[in-house]
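Single chain ahead, written as structure tokens, the form predicted alone.
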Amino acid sequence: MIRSELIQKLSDENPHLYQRDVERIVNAIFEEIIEAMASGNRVELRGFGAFSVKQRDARTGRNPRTGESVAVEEKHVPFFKAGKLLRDRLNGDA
């Protein structure tokens, strides 16, 4: 499901809300998650999962085309860990 499909589904399920308002709400939620993660904070949505940022250390990589060694800089990557309720639901336990 992509963002526009999510907005459309929420609009369909909540006919008392305008689609543009649903779009603002969805965008605000995503922006808050992004801002929190950019600040290095963890975002936990109970039953769904937790978003966090992991640090990858600098390392020496290899160019697959030439085989040449390449320095790969340290970087931060987003990480998602599914919550117990989500895992159980995916496995048919709920």
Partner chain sequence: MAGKTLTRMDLSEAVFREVGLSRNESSQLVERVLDLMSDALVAGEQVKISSFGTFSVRAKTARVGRNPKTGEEVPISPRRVLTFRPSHLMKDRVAAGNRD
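Take the two forms, superpose them, and find the largest set of C-alpha atoms that agree within 1.5 Å; that set is the rigid core. Numbering follows the first chain given and starts at 1. Remember, predicted model here, so these are calculated numbers, not experimental data.
There is another form of this protein, the form predicted together with the partner chain, and it is not shown here; the text below is about that form.
Visitor: Check R62 for me: does it contact the partner chain in the predicted bound form (non-hydrogen atoms, 4.5 angstroms)?
Guide: Heavy-atom contact with the partner chain at 4.5 Å: absent for R62.
Visitor: Evaluate K84 for contact with the partner chain in the predicted bound form, applying a 4.5 angstroms cut-off between non-hydrogen atoms, and reply yes or no.
Guide: No, K84 stays farther than 4.5 Å from the partner chain in the predicted bound form.
Visitor: Can you work out whether V77 and the partner chain are in contact in the predicted bound form, taking contact to mean some heavy atom pair no more than 4.5 Å apart?
Guide: Output for V77 is yes: heavy atoms within 4.5 Å of the partner chain.
Visitor: Since only the chain is shown here, I'm wondering whether N14 would be in contact with the partner chain in the predicted bound form (any heavy atom pair within 4.5 Å).
Guide: N14: contacts the partner chain in the predicted bound form.
Visitor: Does any residue in 25-45 get within 4.5 Å of the partner chain in the predicted bound form, counting heavy atoms only, and if so which ones?
Guide: Read in sequence order, the residues that approach the partner chain (within 4.5 Å, in the predicted bound form) are I25, V26, A28, I29, F30, E31, E32, I33, I34, E35, A36, M37, A38, S39, G40, N41, R42, V43, E44, L45.
Visitor: After superposing the rigid core, is the C-alpha displacement of E13 2 Å or more between this form and the one not shown?
Guide: It does shift by 2 Å or more.
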